[in-house]
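The form predicted alone is given below as one chain in structure tokens.
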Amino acid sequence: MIVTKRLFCAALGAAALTAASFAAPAQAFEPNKPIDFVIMAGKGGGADKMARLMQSIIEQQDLAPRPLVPINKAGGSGAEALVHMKGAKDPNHTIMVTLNSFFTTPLRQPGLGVDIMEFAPVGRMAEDTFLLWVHKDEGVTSFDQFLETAKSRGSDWVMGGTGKNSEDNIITDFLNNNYGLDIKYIPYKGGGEVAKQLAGQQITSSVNNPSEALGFYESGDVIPLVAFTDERLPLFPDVPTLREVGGDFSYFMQRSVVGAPGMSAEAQAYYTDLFSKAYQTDQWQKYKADKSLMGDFMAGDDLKAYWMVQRDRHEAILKASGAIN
């Protein structure tokens, strides 16, 4: 076959076009409809407040082409949210704000069939902190007084917390097991409700996050006795850590955004970039400082490695308390 110059050039051009079409990068993901923003806790708690702040930052800064729609799913200490995420019909438009029930609920309820390592690690926005709170009318102003009073009242001393066998329950179990107490634990759907119950003296104490109890602290209704952190919190410089009063325990709450199992790599990259931008805003940094949130932004493989460490730690804590075998 004789190949003319014209035919050769045409063939070369077609080959180049074909090669270019294969070499072109895939179209980057961008949401084309509202994004389900699941919150695995009730309204008014730390996770809810954080999620709605992030939503407003993203909207105000015009960071996303479609809105984030908060959806509270508090049932079963986060089980409702985890099952919803696992069965998400559109993983690329379904994300969730987590608590530590992200670790504990699958351990406590293996029948859910939830493997947290299948979730997309979008970004850790912070680690939240815990303090022990009592109502001012209890007349208790120190951790030693708390121990003495709680021990004398036995199960009549009531700790309110978010969910059963949750973060608040874990801290309550620690206090009972390590200080000879018999505190009764009552679960509620959200930290905001717990704070209201303490301010109304329907419970005797709580281990609310600062963001949940701050309003009642500022009004003088509740008093922080001890912080479950490694160092004193700048917002509460006069409140000692548990380590300072002889304990050997600190505990933090993951505040991360995760994508539904099955989310594409392109969508995960998009949401990581989105929440990284939200993290860097003045509004988010001010919120972190005002609410005593700690920790830097974390994503990708680093966040998954963090999950593995936290899952193992919570498994050990739950086994020690008898919550799981």
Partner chain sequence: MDILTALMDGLWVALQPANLGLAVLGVVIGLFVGAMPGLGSVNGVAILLPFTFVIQEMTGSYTAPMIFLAAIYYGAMYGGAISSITLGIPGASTAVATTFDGRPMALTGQADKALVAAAVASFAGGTISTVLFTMFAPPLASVALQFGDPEIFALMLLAFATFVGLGGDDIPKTIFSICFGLVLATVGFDIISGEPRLIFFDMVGFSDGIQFLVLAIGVYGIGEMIWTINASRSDDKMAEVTITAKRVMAAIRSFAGAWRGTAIGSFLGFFVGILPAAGATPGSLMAYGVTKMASKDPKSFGKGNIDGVAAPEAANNSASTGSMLPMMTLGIPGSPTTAVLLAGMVIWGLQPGPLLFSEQPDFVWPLIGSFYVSNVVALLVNLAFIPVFLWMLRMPFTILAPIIFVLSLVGTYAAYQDMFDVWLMVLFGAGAFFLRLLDYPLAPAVLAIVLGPIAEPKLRQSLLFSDGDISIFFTRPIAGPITITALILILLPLIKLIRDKLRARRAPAG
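Because the structure is predicted, anything quoted here is derived from the model rather than measured. Between two forms, the rigid core is the largest collection of C-alphas that superpose within 1.5 Å. Numbering follows the first chain given and starts at 1.
One more form of this protein should be noted, the form predicted in complex with the partner chain, which is absent from this view; the next part is about it.
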Answer range among 188 to 196, 94 to 102, 123 to 131, 171 to 179 for contact with the partner chain, defined in the model of the complex as heavy atoms within 4.5 Å: 188 to 196
Could you tell me if residue 109 has a non-hydrogen atom within 4.5 Å of the partner chain in the model of the complex? yes
Close approach of residue 150 to the partner chain in the model of the complex, 4.5 Å, heavy atom: no
Heavy atom to heavy atom, is residue 264 within 4.5 Å of the partner chain in the model of the complex? no
Any chance residue 218 has a heavy atom within 4.5 Å of the partner chain in the model of the complex? yes
Consider the chain as shown here, without its partner, and state which of 140, 233, 83, 116 has a heavy atom within 4.5 Å of the partner chain in the model of the complex. 83
In the model of the complex, which of the listed residues (223, 227, 203, 253) lies with a heavy atom within 4.5 Å of the partner chain? 203
Residue 277 C-alpha relocation of at least 2 Å between the shown form and the other one, rigid core basis: no
